[in-house]
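In the block that follows, a single chain appears as structure tokens, in the form predicted alone.
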Amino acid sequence: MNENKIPYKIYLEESEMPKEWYNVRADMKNKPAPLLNPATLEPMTAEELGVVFCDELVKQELDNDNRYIEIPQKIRDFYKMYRPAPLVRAYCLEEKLQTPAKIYYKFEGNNTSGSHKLNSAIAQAYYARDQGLKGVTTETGAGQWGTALSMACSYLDLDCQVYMVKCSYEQKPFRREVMRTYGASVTPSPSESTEVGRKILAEHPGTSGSLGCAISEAVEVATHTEGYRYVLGSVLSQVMLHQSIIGVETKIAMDKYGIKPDIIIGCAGGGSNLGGLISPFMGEQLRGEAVYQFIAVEPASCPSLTRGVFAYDYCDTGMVCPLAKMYTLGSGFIPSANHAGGLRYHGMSSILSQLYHDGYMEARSVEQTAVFEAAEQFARVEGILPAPESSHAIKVAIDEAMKCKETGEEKTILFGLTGTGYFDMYAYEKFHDGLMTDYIPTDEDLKAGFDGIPRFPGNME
């Protein structure tokens, strides 16, 4: 097809929206390792997981075999509020860079939460409601997940209790107020309101918090409150499943115009948007039907894939969650208070960790000042102010496009624009005022986290 016929924005019709999520685990030869009970070191049973998570979500978490899982009608109806999301050809960016590369991005910011997180929030809230629960608890870093969950709970009349990483709670008061507008209660973490919060504060006075801390608090409250369960916005296999709608929609749109990406790029913290974007493309690669270059981009300040170890570790700082086999910096690693709050997590999705370990994906770490330079460059030509998290993907997409300029190759680059940065102006201000610094942990800094990874036969060997 003549590329001039490719519109700036490709929108699907509502009738073309996916009716099923795609489960990449079904096509993985090496399945992600099971979650382990930290007390017995045996795989977690559905009954054990059911204490923390909703029953239907437990089924999805444990399902390594079904390739497609139907999206309930109520969820599909909710999706129509902001989906299908556009696939955008970045003509303006291409022209600015003077690159022969063709750049596309899937834009997930067309909703009040400002990000892709709503795709899983509505699913998890729906299953909680369907089970007859009163409410859910969760953690949030940058606030996008907490905002998304508060919206979904408001829609379904569920109580929503959010533990927000303290540095983000302080840096992003407006994000906090959006959550409260949707009826959620928001607590800065670590807090004095939970046993694990008090313990973390005693050990690390004045800490700015981390996602690992906030998870511990939210899990404690869920497991000690009748009629409540915990929900998580990233990392878990069920979340990768719900987020597959991003990639499935993208693939439908690209196939419609005969477009095949050469390089697929996503930012990576816990893995939800990257896993969602790449899933159907990765499925093709796993089945031997196509070859793609997948790039995970993470902050240099929290480099779980590029400098972490592949081992069983706690998903949270308070060590109350199951053990997950993943690339990790250690659950005790508390990253610097960088401005991509959604990427400040010590581990990575077990699915993505396994795919990375098996060589299906590469990873790069980038420093935050370079990320904000790319964000500003993108905002000036494409008209969207990107979230700091998404800007990690933008940085590497620009890098790859500039390589094409040097080589003359006309590669097709696809990246995930996970959300908008309108609540991140504190970070942009620091960047513009020249006050932003690049923190890269030393090997000594990382050793402290690695030392806390549980030692048992077969782990860390």
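Position 1 is the first residue in the sequence shown; the rest follow in order. Basically, rigid core = biggest C-alpha set you can superpose within 1.5 Å across the two forms. Nothing here was measured: the structure is a model prediction, and the numbers come from that model.
We do not show the form predicted together with another copy of the chain, though everything after this point is about it.
Contact check for Asp65, Tyr228 and Phe281: none of the three has a heavy atom within 4.5 Å of another copy of the chain in the predicted complex. This chain is displayed alone, yet in the predicted complex one of Ser365, Thr207, Ser154, Gln285 has a heavy atom within 4.5 Å of another copy of the chain; that residue is Ser154. Of the candidates Asp358, Glu195, Asp77, Glu203, Asp77 is the one whose heavy atoms come within 4.5 Å of another copy of the chain in the predicted complex; the others do not.
Under a 4.5 angstroms non-hydrogen atom cutoff, another copy of the chain in the predicted complex has Tyr182 among its neighbouring residues. With a 4.5 Å cutoff on heavy atoms, Glu376 counts as touching another copy of the chain in the predicted complex. Looking at Glu444, you'd find every heavy atom of it more than 4.5 angstroms from another copy of the chain in the predicted complex. Under a 4.5 angstroms non-hydrogen atom cutoff, another copy of the chain in the predicted complex has Gly383 among its neighbouring residues. Note on the interface: of 392-400, 25-33, 48-56, 419-427, the segment with non-hydrogen atoms within 4.5 angstroms of another copy of the chain in the predicted complex is 419-427. In a rigid-core overlay of the protein, Ser185 has its C-alpha displaced by at least 2 Å between this form and the one not shown.
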